[in-house]
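First comes one chain, alone, set out as structure tokens in the form predicted alone.
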Amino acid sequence: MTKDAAFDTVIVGAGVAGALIAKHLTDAGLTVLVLEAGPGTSRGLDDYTRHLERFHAASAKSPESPWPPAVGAPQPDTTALRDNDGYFVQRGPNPYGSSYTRLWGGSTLHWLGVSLRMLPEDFRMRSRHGVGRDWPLDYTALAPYYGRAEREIGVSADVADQSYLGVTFPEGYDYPMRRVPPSYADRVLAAAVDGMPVTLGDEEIAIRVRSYPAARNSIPRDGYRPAGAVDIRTDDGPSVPPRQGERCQGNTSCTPICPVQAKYHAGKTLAQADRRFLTVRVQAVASRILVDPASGAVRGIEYKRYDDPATAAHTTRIATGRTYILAAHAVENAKLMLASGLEGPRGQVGRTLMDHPALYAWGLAPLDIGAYRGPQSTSGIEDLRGGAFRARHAAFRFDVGNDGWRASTGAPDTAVSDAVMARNLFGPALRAQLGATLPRHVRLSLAVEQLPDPDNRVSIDPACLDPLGNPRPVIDYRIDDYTLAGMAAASDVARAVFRRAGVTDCTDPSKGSWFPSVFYRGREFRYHGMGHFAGTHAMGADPAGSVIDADQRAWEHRNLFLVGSGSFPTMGTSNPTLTLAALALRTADRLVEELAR
């Protein structure tokens, strides 16, 4: 077994959290080794273009379709959920419906870019609503890092749209780029429902359609320079930004891959790191954390290096440093800890796995709203993310889709097939039918909060290994009544929104794309995952109820940090990336202060 030269810090994972920390440590002159399990084929513009061509050729446009896994670094695939024959070993009772990507850039390669801040009350769920648990820090403590994260990843939004439910900003603050303009569909829906009262429990809440913050380039403010496409030609060469500042062009398909790289991905941050101090080693799968049994200090990361992504042939090496950071993803972090025999205080590693189980609602607008045009989504309904009702059921938020019924039914392809095969339409009649209906397609995505449940967990089983001999994640997952009641409330609000807007409600899960079912008080809901994994190594004020402290440092291994959304004690309703980025920057500050002594 070969031992590498020592670095100041060894980071496992080249996603957003690992990239941000690597950039800030190298800016401070500290040496960093990043181990990335997957290939680096997203680094060069030519390779990135090949991924785009793969996406265009794919018959199923899933989040994974542009990003095939290596044999040595398998990843979950949502198309494997129905038959439970994918990377995850799903033990139920409910399937966990999300996926992530193991490549240079991580899951930011296929996210939508939604960059909401968490609400102040999200950090105080136990104190304020009597459910879930409190964070060891609050919104005020994290707010400066939210601002830094919004500049680091490049967020487009207007403060005037984002000041609600207690979210505040410093005097004079605004986002680095102007908001991505609301779509025509957003404006039509807003004209119909803004100010509409919704009753949840004893509260009456007025809702509105609101532009949301997006990590997609738009018009910069105050000299901010957005990062465009990146192209790293060699491991040691400089980054070449051929189209600095490319702006969102509204391709309606940006979740799997952004054709012009206007959307942020972690490779942009790694390209900005000081290459004199940064080493990125791709196709290097961390397999074991080596710990001094006497002190508990980590003394190395064992990893398996493969040359050919198509085979499992590999060599084993050890990376050493002064500090170690697991930034591999909520599931992979937990899996690596468990594979190393590190279960955390009271065996909490891997437990309280969460997501945002989500529903679709779809309908037919009375007039053309320009469906299938523009960015996939530009606005949402955010006013039901907070309130006293959270003592009884989950909060939720709506995305307003610009992509018609693509996600919910597979339209427009399925709409064409239905018109031809079921209605025998062709020629002018077919064109007239499609022209009269497709531009009127309305879609809402209803993302629902989930609380931490210790029985929802990631574990490992020696009998379930991947081709490299590493354990596959075993998932136990159940959606409880708190979230199911939130689904029921969200579904009722969606119906009311459609009625108010004159939209014919066409929501019929039995006729839509397949998704797993859950039942609540005689009602069936078909849900999908949002890719918002969280909670597997939660932070807390003391080891009795957590794995790491507020700096994301492991209680039992003081030179080991676990970063990412696995650190979240609760997750509210916001997409997790901005919050995990803010936490990563906070941890980076602590590391620079400590390592520079």
Partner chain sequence: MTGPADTSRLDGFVGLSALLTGFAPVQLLGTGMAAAYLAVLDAVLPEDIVGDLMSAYRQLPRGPERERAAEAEILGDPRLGPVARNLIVLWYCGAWTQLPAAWRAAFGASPLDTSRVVSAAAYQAGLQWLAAGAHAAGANPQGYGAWAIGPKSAGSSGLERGGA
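Numbering follows the first chain given and starts at 1. Note that the structure is predicted; figures quoted are calculated from it, not measured.
A second form of this protein, the form predicted in complex with the partner chain, is not displayed here; the remarks below concern that form.
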The unique member of H129, R317, H393, R247 whose heavy atoms fall within 4.5 Å of the partner chain in the model of the complex
R247
Note which of R406, K268, R117, K263 lies within 4.5 Å of the partner chain in the model of the complex, where distance is taken over heavy atoms; exactly one does.
R406
M421: heavy atom within 4.5 Å of the partner chain in the model of the complex?
yes
With the partner left out here, check for me: in the model of the complex, does some heavy atom of F55 sit within 4.5 Å of the partner chain?
yes
Please determine whether Y184 contacts the partner chain in the model of the complex, using a 4.5 Å cut-off between heavy atoms.
yes
State yes or no: in the model of the complex, is some non-hydrogen atom of I369 no more than 4.5 angstroms from a non-hydrogen atom of the partner chain?
yes
Each of T378, V416 and G435 near the partner chain in the model of the complex, meaning some heavy atom within 4.5 Å?
yes
Within 4.5 Å, heavy atoms only, one stretch in 322-330, 69-77, 457-465, 421-429 touches the partner chain in the model of the complex. Which?
421-429
